[in-house]
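There is one chain below, alone, in structure tokens, taken in the form predicted alone.
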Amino acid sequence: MTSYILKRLFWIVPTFLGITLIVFAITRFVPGGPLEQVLMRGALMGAEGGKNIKMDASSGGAALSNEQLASLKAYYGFDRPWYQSYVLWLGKVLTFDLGRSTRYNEPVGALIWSKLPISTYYGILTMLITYLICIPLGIWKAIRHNSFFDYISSILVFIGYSLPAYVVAIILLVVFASNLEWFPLGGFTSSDFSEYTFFSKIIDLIEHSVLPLTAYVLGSFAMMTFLMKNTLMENLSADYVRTAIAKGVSFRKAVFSHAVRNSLIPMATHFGQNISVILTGSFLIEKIFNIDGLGLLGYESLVERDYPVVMGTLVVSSILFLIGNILSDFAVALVDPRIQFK
């Protein structure tokens, strides 16, 4: 057990280095970075007659002086080759310093930490609701295969699967929030949330959570349901189930005591892999519902070329994904006694 854990932890290091190195190199060669953003904003401010940074007189006010340009490059870390900048950035990461946002001018770690609870809230609830619905539904569909219930539920699940989560989010927002006005239009809570009583805060949080959670759940609902159904049907036709029934074990006991446990193995493999998605959120859904979570932060930082925040969210999501793979192995071992860590 100990050697297995150490081996898996060891492989986290090169995998993490490979992920961050590739993305860091891409951010250095993609046009429209933070330096170009500053130059563009300065040009716009100058064109509007607003407060502008000092321009080089020889260039007719169209460009920064060499000293100013060199100062900006040094500030954003573009004054040295990208591989040297990566080593410096990695050294800061090892000291838990993710840098400073070029857009918000705040520490990246503080920004991520402030958004993480919101995405975690939606992520954990999404996972719980998905497993609590999909597992029983998949079991019932496998037992009632080719029945009326199986056909109707399959149609509904396939309809939900065919629609992307962000499309479902838009439909829910337009129908139930805008037209019917049953739920708020967006946000994590109301603007005057702090003035509510304790129970009013709970009700307000639930009202703001119903539509986003529905969109979140439908994103993985179909896959998990049919994975549970197909795996259970495969196990129900296996020799060990038929042998157990032939020896006098009731069908119900054969299903729930033998087949279901083996059918949970594929579900367990997805448990750890979903952790990074659970905690980092869905940027499209957060954008549509105006939820100030980690997914929206990553999306806006990518659009605004705020590369320190992009790399910071990448660090969090990649570490969570790698740790999640290890947790998947432990989850599989809990439901499959044949697994031994050697």
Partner chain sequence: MKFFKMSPASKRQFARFKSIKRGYWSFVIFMSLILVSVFLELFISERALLVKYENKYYFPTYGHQIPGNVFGLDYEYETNYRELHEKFAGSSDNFVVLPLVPWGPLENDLEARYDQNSKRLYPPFAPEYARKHYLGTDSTGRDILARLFYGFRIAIAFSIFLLFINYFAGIMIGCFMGWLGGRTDLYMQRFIEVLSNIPFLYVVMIVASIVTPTFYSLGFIMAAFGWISMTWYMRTATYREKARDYILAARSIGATDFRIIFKHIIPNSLALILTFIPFSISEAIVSLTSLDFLGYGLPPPTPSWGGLLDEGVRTLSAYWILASVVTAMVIVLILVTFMGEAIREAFDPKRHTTYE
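Numbering follows the first chain given and starts at 1. These numbers were taken from a predicted model, which means no experiment stands behind them.
Just so it is clear, the following notes concern the form predicted in complex with its partner chain, a form of the same protein that is not shown.
Only one of 171 to 179, 91 to 99, 208 to 216, 129 to 137 places residue heavy atoms within 4.5 angstroms of its partner chain in the predicted complex, namely 171 to 179. In the predicted complex, its partner chain sits within 4.5 Å of a heavy atom of Leu322. Residue contact check for Ile124: none of its heavy atoms lie within 4.5 Å of its partner chain in the predicted complex. None of the heavy atoms of Leu327 is located within 4.5 Å of its partner chain in the predicted complex. With a 4.5 Å cutoff on heavy atoms, Phe251 counts as touching its partner chain in the predicted complex.
Residue-level contacts in the predicted complex: of Ile202, Ile159, Ala110, Val87, one residue has a heavy atom within 4.5 Å of its partner chain, and it is Ile159. Shown without its partner, this chain lists Ile245, Val260, Met267, Leu116 as candidates; in the predicted complex, only Ile245 has a non-hydrogen atom within 4.5 angstroms of its partner chain. Contacts with its partner chain in the predicted complex, taken as any heavy atom within 4.5 Å, map within 300 to 328 to Leu302, Val303, Arg305, Val310, Thr313, Leu314, Ser318, Phe321, Leu322, Asn325.
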